[in-house]
Structures are given as structure tokens and as C-alpha cells.
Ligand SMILES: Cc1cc2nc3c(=O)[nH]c(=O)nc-3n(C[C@H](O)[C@H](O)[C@H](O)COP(=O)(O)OP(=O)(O)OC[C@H]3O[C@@H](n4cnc5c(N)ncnc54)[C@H](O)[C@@H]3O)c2cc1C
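As a starting point, one isolated chain is supplied in C-alpha cells, in the form predicted on its own.
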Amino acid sequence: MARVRPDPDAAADAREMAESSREDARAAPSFAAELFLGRMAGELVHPFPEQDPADRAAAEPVLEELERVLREVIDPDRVDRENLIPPEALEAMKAAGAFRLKLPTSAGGLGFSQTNYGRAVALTASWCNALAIWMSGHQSIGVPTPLKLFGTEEQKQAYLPRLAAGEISAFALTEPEAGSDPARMETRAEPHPDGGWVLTGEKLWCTNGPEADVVIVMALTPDKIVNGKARKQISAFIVETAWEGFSTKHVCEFMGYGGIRSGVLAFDHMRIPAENLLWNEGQGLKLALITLNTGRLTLPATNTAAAKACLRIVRQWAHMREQWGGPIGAQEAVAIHLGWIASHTFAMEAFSDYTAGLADRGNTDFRIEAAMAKLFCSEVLFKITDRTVQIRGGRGYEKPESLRARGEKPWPVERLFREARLNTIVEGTSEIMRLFIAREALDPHLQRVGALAEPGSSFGAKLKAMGRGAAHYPLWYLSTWWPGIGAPAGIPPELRGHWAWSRRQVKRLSRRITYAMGRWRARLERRQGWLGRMVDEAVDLTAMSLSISRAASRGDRGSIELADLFCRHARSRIRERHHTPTALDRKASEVAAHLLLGHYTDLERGIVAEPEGD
């Protein structure tokens, strides 16, 4: 029977590797980070930072050409059905500039801002999500982004023009036994006696990998001794798939996104030149995490586009479909779904636009906001597609080609539902996102008093932590009870109450975090249920603030109504989380442990069962 408790040594190694690869402590402002400390920094979100009109206008000709190509060249239902994007369609998208949007103009790219790039992939995703995945796998996390951030001038000159000319790139981190835990990575790059490296191993689910010309590959390099202990090193390499030793062992097929190319890549004693080490030896995992921070911003944009597609479908269908003497949208049971979809799509757009704007400004630390946007938009989209299927009924479950064959409008609801499911998994599962956000949110507290909860801390370190805590927390705690000022100028009267309520909840959340740290100390990291609810509350509070600010910026009645409804839903969720006891988490964990030990196998009787094991 499998082990039901984690291996303490393996867990410690994984934690040490993750901690050593974290980004530096925050030195720039962050609305989300301040929120966890009890401060609702309204000046960071209001007035809403709308895109510069000149930047927006600069992208219009490219977006118009992309839309033309999408409509004239690409049949998304055929792509999904045949699990293939025709080569001529890819070439047409390349010619339209879709694969060089984020590349600098000096290398032949279009030099798009993050906001304009998000608009381009969102437009593409609204028509053919698989094509948006190709674009994202190539530009969001593929070679261009880490190369721009960490590459030498020689590396940039060697590869950026090739990528702008049409070569496809990919990013290879995940392995069969190493997903969210990089400590289990097995792919290795060993120094060669004649210089350079020898790469051996396999990578799994590498988007664009089977078609890529250039790939960023993460691999273990020789350990380094740190404080008398060998520490694993992960380094990043620029690898060309034309080199000897590369092969695609398998092309994966998935529930949705027919047409994407993802697979198992193998590297068999591949020689890599010394100059193809990207950044520094041992900095690969940190490079990956920083790359993913920006890369995750694509998902909120594409998720929002899919939500808008669903909104358009249900708006039309609920108006035209008549039952019980009128349109189904007039019936409260359906109207509730419609209102939820519309208000949450509004919040998704505000979240997506805000985080893209943060990346463009360049003077903020948006790692928490990016993770929040990915978590929020991916979770909400799946609920939106689920409600869209429900509103469409049997037609929502029917494939577009079947609808078309019997003369009905072939809205691709079934495909949108299947595709939405991936977003809560890719580029960090929702569970990992919650833990990542929680770790980043708690960092200021851990910097101050973390030694009190660290088993290996010396008495002197604990004493200093106690002193820092005694000097900071009494006055800080009192400040969390201070009511604060009213809503900022410009907030519509209908939304001021939501803003004031959010500010009170932010202070309450910070008190609960402090209480939890004192209560559970080193055990807090194991209270993942509580941590997840704490993060979800903060995400909802952030989405409320952004929705209110966006509505205030636009000023129209529709935006105010949508923001108001979203805030009402978010407040209801937050209240519900407050009534979820941690005892319920412990009981669920106890049942899960017994399940793994085989205590409930009677529940599995009466089915045709496959033999257990690999």
C-alpha cells in the first residue's frame, strides 16, 4: 500500500529548493500584498489604470488582420474534430504577425505591450482556442520571454531574429515524475570534458514541443555545497530540436484543445554548447518562476475571451428560446445564471486588464496579482461554461457539427466546456496557485517572526524574532481595528458600500492571518484548506476592488450594475467561507488517509474494475 504520510526528508528538500528559487523580497508596490497586511491600498487600483489610447491604436491594424485571417482561413470546429491546425492556417497566422507580437522590433518583431498582446491572444481564443495555445506556448513562456529577460546579447542576436522569422519555440519543465515538485526532476545536463554540456532525460506535456525549433529546457546540473550540504541545482538551456539526440517520443491527445501539439520530448546524450546556458548555472528554477509570472497573464486574457463568447451565446439563446409563454431568460431560474455570467465576466475583464497593465508599467511587483488573475479567471470560466451548457440544455451537450447537420446554429458550447477544464490545471494548478499566493502573502510576517516557527532556528534567532514581533504587532494589530476613511472620490454611490465593506474585511482577514500564525506556527503550512480559503477570500476582495474601480472609470449604468451584482456574489462567498470550520478539513484528511489504506473498498463493489497497479 502506498505511503499516506509525506517523507519528511523529501518534503524538506522540496521546500529548500523552492525557497532558494523564490524571487527577491518585494521592493515595489502591490495591491494584493498590502491587502494581506491589512491595508486596502486604493491608490493602486483607483482610478482604474486604463490602457494608453496611443498604445491601443497602434495594435488595431494587426488585430484587424488577425480577425480577417481567423474568419477566412480557420475552421475551429474542423480543428477540434481533426485534432489538427492545417499548415496553411499556421502560415497565414505567422504572416499576420501572430507569432512575433511580443518580440522586439529590433529583431523583426512587433514589440507589443502586454496589454496589446493580451488583446491579440484573446481575439484568437474567441475564435480558435487551440491557436491561442500555440501563440502562448511560443511567446508567453517559450523562448522569447526568458531570452529577453535573461539572455546575453549574443544569445538574443542568435535567436530572436529566427523566432521573428517564423521558427516556433517551447518551454520544457514538467517531467513524468516532476510536476509541481521540481525536487523530483531527473533530466540532467552534465559538463562535457571538451566543453559544453550533455543533456539526457525526458520532458512531458511540452506545449508546441513536437513542432518546436527551439526549446528552453530545465535540467539538473552538478550539485553545489551550501552550508556543508549538497544542494540540487537546476539550470536552463537553449536547445535546438535539429541537434542530434532529440526526439519526440509521443504526441499527447487531450479532452479539449484539439489541434495543439504537446508531447513527450526525449534528449539522448545531446551535446549543448557552453554558450547556450541561459542566465547562470543553478538559476533555472528561478528563471522558470519569473517567466511563468508574466506567462500566466495570457490565461486571464484568453479565459475572459471565452467567457465573453459564452455570454454572447446565452444572451442570444435566452432571448430567442421560448418556453412557458415567453423567453427563458425572463424566468428567474435562468435569469440567475445570466446575471452571474455577465457580472463575473465583467470582473474577469477588470482583473485581466489590470494585471496586464501592471506588467506594462514595470514599476510594480505583480507576482501575486498574476497568480490571482490566473486562479480567479480559470476557476470562474469553468463555472461560466458549466452554466452555459445548462442554459442551452441538450443543445449545450451536442457537438457543433451535429447541430449544424440538423439545421441549428452550431454554437460550440460543448467545445468551450471541454477547453475550459484545462485552465485550472495548466501553468500551476488551482491548488498550487493558492499555496504560492499564501507563501508570498505571508512573506513579510515570515521575514519578521518566521524563526519562531522554524524548527531549526537557534535560540538567538528566536529571541530576535520575538523582539521584532513585540515591536511591530501590538500597534499594527490595533490599527486593524481602525475604521479607515470612506470610499475614494469618484466611486459611484451604489458601490461605496461595497468598497467600505471590502476595507473592513481586509482588516479582518489580516487579523485572522496573524491569529493563525500564532496558533499553528510551523503547522500552518499543513493547513492547506484554511490557507486556500484565505487566498480565495483575498482574490474575491481584489476582484471586488477592481470591478468597482473599473465601473467608476467607465461611469455608465451597465458597468455599475454589473459591478454591484458581482460584489453581492463575492460578499456571499466570503461570508460562507467564514463558516467553514478547520475541523471539517481535518476530518476530510482523516477519511482520505483511511481511503488510501483501503478502508472503504466496499464502496467500489458492483463495477467492472481494472487490475490495480501500473
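These numbers come from a predicted model, not from an experiment. All residue numbers refer to positions in the sequence shown, first residue = 1.
Beyond the structure shown, there is the form predicted in complex with this ligand, which is absent from this document and is the topic of what follows.
This ligand contact in the predicted complex: residue 372, any heavy atom under 4.5 Å: No, residue 372 sits far enough from this ligand in the predicted complex that none of its heavy atoms falls within 4.5 Å.
Touches this ligand in the predicted complex: residue 254 (any heavy atom, 4.5 Å): Residue 254: contacts this ligand in the predicted complex.
Touches this ligand in the predicted complex: residue 283 (any heavy atom, 4.5 Å): Taking the distances in the predicted complex, the answer for residue 283 is no, it never comes within 4.5 Å of this ligand.
Distance check, residue 317 to this ligand in the predicted complex, heavy atom within 4.5 Å: Output for residue 317 is no: heavy atoms all beyond 4.5 Å of this ligand.
One residue of 73, 84, 516, 425 in contact with this ligand, assessed in the predicted complex (non-hydrogen atom, 4.5 angstroms): Selected option: 425.
Sole residue of 328, 123, 435, 135 within 4.5 Å of this ligand in the predicted complex, by heavy atom: Partner contact (heavy atom, 4.5 Å) among the options: 435.
Contact stretch among 339-347, 507-515, 297-305, 172-180 - heavy atom within 4.5 Å of this ligand in the predicted complex: Single hit among the candidates: 172-180.
Complete contact of 36, 377 and 443 with this ligand in the predicted complex (any heavy atom, 4.5 Å): No: no residue has a heavy atom within 4.5 Å of the partner.
Sequence-ordered residues of 500-529 touching this ligand in the predicted complex, heavy atom within 4.5 Å: If the 4.5 Å heavy-atom criterion is applied to this ligand in the predicted complex, 500-529 yields only 528.
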